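Next up: a single chain in structure tokens, the form predicted alone.
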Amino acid sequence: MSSPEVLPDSEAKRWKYLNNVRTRPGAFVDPEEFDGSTVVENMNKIKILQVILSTGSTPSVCVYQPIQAEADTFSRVIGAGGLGCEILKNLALSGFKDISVIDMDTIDISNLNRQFLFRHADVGKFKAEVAAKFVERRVKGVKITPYNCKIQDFDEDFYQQFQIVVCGLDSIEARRWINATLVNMANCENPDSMKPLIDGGTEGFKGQARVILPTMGSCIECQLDMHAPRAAVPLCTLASIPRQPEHCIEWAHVIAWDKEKPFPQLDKDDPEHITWLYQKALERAKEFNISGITYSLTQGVVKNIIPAIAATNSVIAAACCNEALKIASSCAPFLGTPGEGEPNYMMYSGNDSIYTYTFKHEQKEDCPVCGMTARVLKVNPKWTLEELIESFATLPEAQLKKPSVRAEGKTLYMQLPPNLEEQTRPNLEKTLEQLGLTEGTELAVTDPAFVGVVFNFSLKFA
């Protein structure tokens, strides 16, 4: 539904102080190269998307082209959750007029304490639709298009229409997918194909914001080892010497449940099941004089819930939208501005007072998405192929859940289609030596979660 027109005088008053920022060159901008008279017109045309395979060209020859005023530019936001709500509101208040938002989720009552665009009457409705209507009512003149689906439901042609993509996603897998898609779209001979990706994420009192210029610098895949999976607590600790309340909950979850089987299958959303685990964890904690077991903690540990802090969402959303404003207006250098030593990553911590830090994360030559060489993979030649495949799930720089593996000139194992999986299944029991793999052999690994991306590894025997 389109928003009603706003009278010119009220429109001018609303954006008066914003215009003082976006139409004037900052301290680190060359005034002779900055044209503030075109900024407002340009940002009115920007189409922004909120959401939240390399082309083969050499990254170093790419030159970033600032968004031109005559271009039909717009942005997109991926995600309309706690961080996404903040981003959507901030983008609208930053002068962006044409915004699209993707989120497949619906509103749950537990969202209402921090996702401020939603009300009790909205429970059960799609987040993207409700958020879009709310912001359109509050910020007159902005058009927000909601999409109630997954980001993977769209092809490259869909993403080509946007000039800036802003992510507020809650999973590494989704970030990796949109990153690979935008890198694959980039063509150094076509500046319009370069879509800046602004990514924000929070975890409790910590957060980060970063800007990715596809093929021109470090991408999300280059930085994957910074998001390594959490190490599992050893079973011996759970079984014999628990030291923390979380250990007692994991004992109830992993050991007690398997032993007693109170229900046919654990349903993590069933209060009766969580209550059973809570009671078992309390008994375990009492035995070892451990305090701190609560129902909410039990639910959080079992469902791997990381507490969402509204203040952290506000800080990171502000940082992301600040970068979008700088990219669109050129009023100040943005994170990831091409240049030697320019930072592209901002980290925030609110655990002990407030601390921020910016640095440059370097692009990796062996990155499977934007790099040009195979990544060295240390393996034991006595491993079976099944052990190698299982290692891809825990390897910080891989984190692949359903990998298929090809070697030079032969297929070792394929997850899909079913008939090919059946044909290659006998290889799982063979060692790497038995399969004829030697040091230096290059493996091509694919995963259905990352269509079009081939992870190249060069074996090194340890």
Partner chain sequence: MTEIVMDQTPPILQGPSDKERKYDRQLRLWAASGQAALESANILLVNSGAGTVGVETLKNLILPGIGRFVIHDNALVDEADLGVNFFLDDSCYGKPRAQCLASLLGELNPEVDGDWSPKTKNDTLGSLLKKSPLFTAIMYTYPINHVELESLEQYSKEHKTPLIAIHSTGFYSYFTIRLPGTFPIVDTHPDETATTDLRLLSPWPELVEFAKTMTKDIDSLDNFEHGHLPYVVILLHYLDKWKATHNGTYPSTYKEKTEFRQLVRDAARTDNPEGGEENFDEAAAAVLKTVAPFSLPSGLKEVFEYEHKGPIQERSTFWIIADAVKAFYTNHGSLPLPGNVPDMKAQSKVYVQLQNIYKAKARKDAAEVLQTAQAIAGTGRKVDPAEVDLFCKNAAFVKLINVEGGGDTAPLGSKERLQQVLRQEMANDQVAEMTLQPMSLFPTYLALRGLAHCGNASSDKTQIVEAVKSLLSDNLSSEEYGDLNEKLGNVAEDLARAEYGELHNISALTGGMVAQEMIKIITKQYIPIDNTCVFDGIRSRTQVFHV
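Only the largest set of C-alpha atoms that superpose within 1.5 Å between the two forms is called the rigid core. Residue numbers count along the first chain shown, from 1. Keep in mind that this is a model prediction, so the values were computed, not measured.
What comes next is about the form predicted together with its partner chain, which does not appear here.
- Think of it this way: in the predicted bound form, its partner chain has a heavy atom of just one of 326, 375, 176, 364 within 4.5 Å, and the residue is 326.
- Residue-level contacts in the predicted bound form: of 389, 169, 194, 319, one residue has a heavy atom within 4.5 Å of its partner chain, and it is 319.
- Checking 151-159, 215-223, 239-247, 365-373 against its partner chain in the predicted bound form, the stretch whose residues place heavy atoms within 4.5 Å of it is 239-247.
- In the predicted bound form, no heavy atom of residue 255 sits within 4.5 Å of its partner chain.
- Among residues of the shown chain, residue 309 is one whose heavy atoms approach its partner chain to within 4.5 Å in the predicted bound form.
- Using a 4.5 angstroms limit between non-hydrogen atoms, residue 383 is distant from its partner chain in the predicted bound form.
- Its partner chain in the predicted bound form comes within 4.5 Å of a heavy atom belonging to residue 355.
- Taking its partner chain as it sits in the predicted bound form, the stretch 117-149 comes within 4.5 angstroms of it through a non-hydrogen atom at 117, 119, 120, 134, 135, 138, 139, 140.
- Residue displacement note: residue 195 has its CA displaced by under 2 Å between this form and the one not shown (rigid core superposed).
- With the core held fixed, residue 211 shows a CA shift below 2 Å between this form and the one not shown.
- Once the cores line up, the CA of residue 378 ends up less than 2 angstroms apart between this form and the one not shown.
- In comparison with the shown form, the Cα-Cα distance of residue 247 and residue 352 increases by at least 3 angstroms in the predicted bound form.
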